[in-house]
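In the block that follows, a single chain appears as structure tokens, in the form predicted on its own.
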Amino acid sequence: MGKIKVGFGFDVHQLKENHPFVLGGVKLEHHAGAYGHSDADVLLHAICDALLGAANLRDIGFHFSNKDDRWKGISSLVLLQHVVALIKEKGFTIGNIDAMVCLEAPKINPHIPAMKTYIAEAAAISEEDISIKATTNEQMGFIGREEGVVAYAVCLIEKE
């Protein structure tokens, strides 16, 4: 019997006015965007942390330090590809990814199919194995004030 492991990931970024907003590899039209060292894609960062955690490979900050200029402004789809290579080196394959984004605006439902396509390509899995959901924070806290965005992800990885 093979080994099955579960991972959990979380990420948060502040939103800055007139900054690009990339989520799930998709550039969203919005007056503010997530700010960070890379493209600040909270969804992909949460997915990367879930995968790394499941494989006992520490976290995204360990592998892609915000002090390292190699990762400055990089697409988080590239980071996801690196993470998938790392878990494959340990003999794991991805079973599925389930993610949740929490933000007030913009509405991301129309963009979820494109996000799933980008993530599936970067992770070398089927879109059927990726679930992305979104919710608001009911106008409460930093999310409700549109000061930040949060993403959570869980994944299942398997080894024969």
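Residue indices: 1-based, along the sequence shown. As the structure is a prediction and not an experimental result, all values here were calculated from the model.
The same protein also exists as the form predicted in complex with a small molecule; that form is not shown, yet it is the one meant from here on.
Asks: So, G61 and the small molecule: in the predicted complex, are they within 4.5 Å at any heavy atom pair?
Replies: Answer yes; at least one heavy atom of G61 falls within 4.5 Å of the small molecule in the predicted complex.
Asks: Might G36 be said to contact the small molecule in the predicted complex, defining contact as any heavy atom within 4.5 Å?
Replies: Looking in the predicted complex, residue contacts with the small molecule include G36, since a heavy atom lies within 4.5 Å.
Asks: Can T93 be called a contact residue for the small molecule in the predicted complex at 4.5 Å between heavy atoms?
Replies: Residue-level check for T93: no, no contact with the small molecule.
Asks: If we define contact as a non-hydrogen atom of the residue within 4.5 angstroms of the partner, is V84 a contact of the small molecule in the predicted complex?
Replies: It does not: once the small molecule is placed as it appears in the predicted complex, V84 has no heavy atom within 4.5 Å of it.
Asks: Taking the small molecule in the predicted complex, would A40, H45 and N66 all count as contacting it (heavy atom within 4.5 Å)?
Replies: The answer is yes: all three residues contact the partner (heavy atom, 4.5 Å cut-off).
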